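Taking the form predicted alone, here's one chain by itself in structure tokens.
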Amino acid sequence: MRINKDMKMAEVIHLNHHLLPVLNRFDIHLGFGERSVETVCRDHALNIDFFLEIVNTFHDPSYFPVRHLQSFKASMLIDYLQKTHAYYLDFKIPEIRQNIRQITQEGSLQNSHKKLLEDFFDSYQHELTTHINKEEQRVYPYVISLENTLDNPASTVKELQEIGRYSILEYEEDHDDVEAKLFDLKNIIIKYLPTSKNNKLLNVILHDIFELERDLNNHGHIEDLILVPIVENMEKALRARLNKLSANV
């Protein structure tokens, strides 16, 4: 069932409660009463088409309207992606880490198993944080600058040349597959950890890792299949404008 603008926002949550973190990225919080999706989006000054495409891609993994998603501004995508990063680093990763710490401190695991679980997760957390920081500090500012430069008809040749020194291809080549390591982490828990006194908490940790993996896959698809092509098209437009301006000098 596809989510549409006429549905009540409460119905969206009943349909798929996994969308709650996605709604939070749009600064939509609980307490929307009987208001429809369209009304809530209007109240939050959100682009309804963008909101529906994002929640539907998350709701239905088989739904991924590449061409329509590529029609949105890069800055709109980046705002969503940055809020997704904040969800990972400020909430989800610390939550999983806290539960792992509780499991390792309860005394039912051997020291070698404790070290394996903690070290592996800490390594993953470091890798994910490094990857996100690279995007936040290098990639996203470049994309925003590129968009602003193209949106400004008065941009000079010097400004175009300056922004043209960077290419999204560098981002593509260095886009680490941070999702893959989660598969190994799941296997450590599923295959190699002995039964814990708090097996329910271990199941919670595993469930959260599966949820994080799904979220990261969706996040990666938006970056690789939507954001990168949008930026490549902007770079082509920048080169075309630069060539035109240079020819007139």
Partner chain sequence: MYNRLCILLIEPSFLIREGLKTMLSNLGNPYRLEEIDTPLDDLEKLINRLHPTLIMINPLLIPKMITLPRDPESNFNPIYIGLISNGVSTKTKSKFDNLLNLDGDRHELFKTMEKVMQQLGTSQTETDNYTLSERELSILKLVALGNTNNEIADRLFISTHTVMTHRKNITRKLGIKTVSGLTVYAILNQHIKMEEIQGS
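Residue numbers count along the first chain shown, from 1. It should be emphasised that the depicted structure is a prediction, and the values quoted were computed from it without experimental measurement.
Beyond what is shown, the protein has a form predicted together with the partner chain; the following relates to that form.
- Taken together, the three residues 148, 153 and 156 all stay farther than 4.5 Å from the partner chain in the predicted bound form, as judged by their closest heavy atom.
- The stretch from 201-209, 23-31, 215-223, 43-51 that comes within 4.5 Å of the partner chain in the predicted bound form, counting heavy atoms only, is 201-209.
- Scanning 80, 166, 120, 72 against the partner chain in the predicted bound form with a 4.5 Å heavy atom cut-off leaves one residue, 120.
- At the 4.5 Å threshold, heavy atoms of residue 105 stay clear of the partner chain in the predicted bound form, well away from it.
- Taking the partner from the other structure, the partner chain in the predicted bound form has no heavy atom within 4.5 Å of any heavy atom of residue 63.
- Taking non-hydrogen atoms only, residue 55 never approaches the partner chain to within 4.5 angstroms in the predicted bound form.
- Under a 4.5 angstroms non-hydrogen atom cutoff, the partner chain in the predicted bound form has residue 113 among its neighbouring residues.
- Residues of 2-19 that come within 4.5 Å of the partner chain in the predicted bound form, judged by any heavy atom, are 15, 17 in sequence order.
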